[in-house]
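Given as structure tokens, the chain that follows is alone and in the form predicted alone.
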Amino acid sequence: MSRFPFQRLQSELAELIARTPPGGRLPSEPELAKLLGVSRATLREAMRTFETQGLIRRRQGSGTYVVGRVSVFESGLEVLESLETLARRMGLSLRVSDLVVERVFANQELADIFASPLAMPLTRVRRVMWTEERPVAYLVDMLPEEVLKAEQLPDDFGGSVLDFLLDRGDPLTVARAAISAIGAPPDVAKALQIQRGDVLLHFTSRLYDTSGRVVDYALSYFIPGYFHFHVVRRVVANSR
């Protein structure tokens, strides 16, 4: 399909989404592809644009729904702060679901990350973060048991391991993160109620204490349309 017809397809989809009230269900994928005269593969490619903007949400086995106005979490990446802290500052609602706190053992990759023996016991914290009744982020933290035991998390745990450690007074210093765009793995797609392979923002980060030890290895998956991250960079004069 040439560029112009694809743009026309996106325009027609935008009009259809605009005519559908928030919470309304769009026609099924086969119906919509037939209506617009395109293949299902081309339709999926065009739909991804609107999904990453947070305008629609596809639910596995249910269909595609119009979301309506989206509340966006906006933050700079120069300072590490939790989603809870960000939500409070912006006046946005946030809640945690599907919380799983479990004991696991370090494989070779995790042993290398923590500079620890193989099979060292770790506490893994998995959860889904919701805003306005929509799942928007899937978070996984792994910490040595000597840093955090499962029973230490309070019953009213709001979803932020970082805030828990800070409130406890742990001597944290910096975090290093790698950021990429990935296709949603099956388990993450299910948790976020999206399609497998849909685009997500993926952060892989290591949190260090004052001794230079990694105390938390975190994997974060964000639905792009709900998050705007930015970086302020200093201009350095040319040395020539």
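None of the values given here were measured: they were computed from a predicted structure. If you superpose the two forms and keep the largest set of C-alpha atoms that fall within 1.5 Å, you have the rigid core. In case it trips you up, residue 1 is the first one in the sequence shown, and so on.
This protein has a second form, the form predicted together with the DNA, left out of what is shown; the following refers to that one.
Within 4.5 Å of the DNA in the predicted complex, a heavy atom is found for none of S116, R206 and R213. Using a 4.5 Å cutoff between non-hydrogen atoms, A184 does not count as a contact of the DNA in the predicted complex. The closest heavy atom approach of T173 to the DNA in the predicted complex falls outside 4.5 Å. Residue contact with the DNA in the predicted complex: H202 places no heavy atom within 4.5 Å of it.
Within 4.5 Å of some heavy atom of the DNA in the predicted complex lies at least one heavy atom of S62. In the predicted complex, G37, V38, S39, R40, A41, T42, R44, E45, R48, R58, R59, Q60, G61, S62, G63 are the residues of 34 to 63 with at least one heavy atom within 4.5 Å of the DNA, listed from first to last. Put the two forms on the same core and the Cα of E51 is off by 2 Å or more between this form and the one not shown. Once both forms are fitted on their core, the CA shift for A191 between this form and the one not shown remains under 2 Å.
A displacement of less than 2 angstroms separates the C-alpha positions of L200 between this form and the one not shown, with the rigid core held in common.
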